[in-house]
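Next up: a single chain in structure tokens, the form predicted alone.
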Amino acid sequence: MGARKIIIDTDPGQDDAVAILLALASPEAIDLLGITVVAGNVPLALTSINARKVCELANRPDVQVFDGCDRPMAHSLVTAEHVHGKTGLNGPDLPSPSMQVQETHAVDYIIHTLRREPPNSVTLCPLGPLTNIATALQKAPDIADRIQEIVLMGGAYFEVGNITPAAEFNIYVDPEAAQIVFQCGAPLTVMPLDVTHKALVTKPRNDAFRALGTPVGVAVAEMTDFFERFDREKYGSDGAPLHDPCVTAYLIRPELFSGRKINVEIETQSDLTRGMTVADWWRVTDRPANALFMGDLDADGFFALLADRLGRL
């Protein structure tokens, strides 16, 4: 079985950066066709710069980056500079990128790629709000049947919300987009906070990144040094959760994760619970399952994989 063809859709974000680096370090498992960027953690102009910074950090200026939607489908943009810093990638001092953004819009690139490649051969990996993916599905409904799988970071059940009491950030930013994606019929695997909050960068784990002694290893350690201050204060945890690398780690070593195939619906109407992922974990309804919703991971195996692969770059 060859490398899995993927498109990463992202709003970097320090944890997005680590997810991209993990993919670039694993060519035997992942064939990264392109990176599409969306507004989320910070506005689009910054997520675009950050995606290119990460590619150049990995010495991969050949990776194609496509700018996408600069706002959610139905509401104004909510960002997360309070977590990721004003640039979205605070921590390491990375140079401004020299590589250019592609002229094609991200939505059109997604549509074109899914129509060009053989059916069920491309996996979409959204790490931020689902605006680009949902817009592509709206514009070209035929692509839904051509998607191999959508593996996304977003949502929560037992861990409830991290931006409101009920909602996880990526889903909250554009719940209308999330509703379209969760109802599209493509195979769907979800990495919610229930999993990602178990992927904690403790001091020994971060020391292992820094001990790689490479520009990538040091930069990753500096990224987590920066954004862990927020999570330590908020949750009282031993470190910061690496949310988005769970997506790319799953593609490489799915056995690290466990979950259930359940029904997941997105709340779009309520002022109180807007953006909530209503996950029928206990299967108390007769709604058909539409997602593999992860609940646990082998954290030691996850960080061993990260240290090994990042050490290649």
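Start at 1 with the first residue shown and count on from there. Note that the coordinates shown come from a computational prediction; the quantities given were computed from them, not determined experimentally.
One more form of this protein should be noted, the form predicted together with ligand RIB, which is absent from this view; the next part is about it.
Under a 4.5 angstroms non-hydrogen atom cutoff, ligand RIB in the model of the complex has N41 among its neighbouring residues.
Of the heavy atoms in T224, none are within 4.5 Å of ligand RIB in the model of the complex. Taking the partner from elsewhere, N162 is found to have a heavy atom lying within 4.5 Å of ligand RIB in the model of the complex.
Contact check for V190: no non-hydrogen atom falls within 4.5 Å of ligand RIB in the model of the complex. Only one segment in the set 7 to 15, 300 to 308, 21 to 29, 287 to 295 has any non-hydrogen atom within 4.5 angstroms of ligand RIB in the model of the complex, and it is 7 to 15. Taking F209, Y157, Y109, F169 one by one, only a single residue has any non-hydrogen atom within 4.5 Å of ligand RIB in the model of the complex, and it is F169. The partner is absent here, but in the model of the complex a heavy atom of M153, alone among L89, L124, A177, M153, sits within 4.5 Å of ligand RIB. Interface residues of 78 to 102, taken as those with a heavy atom within 4.5 Å of ligand RIB in the model of the complex (partner not displayed), are limited to H84.
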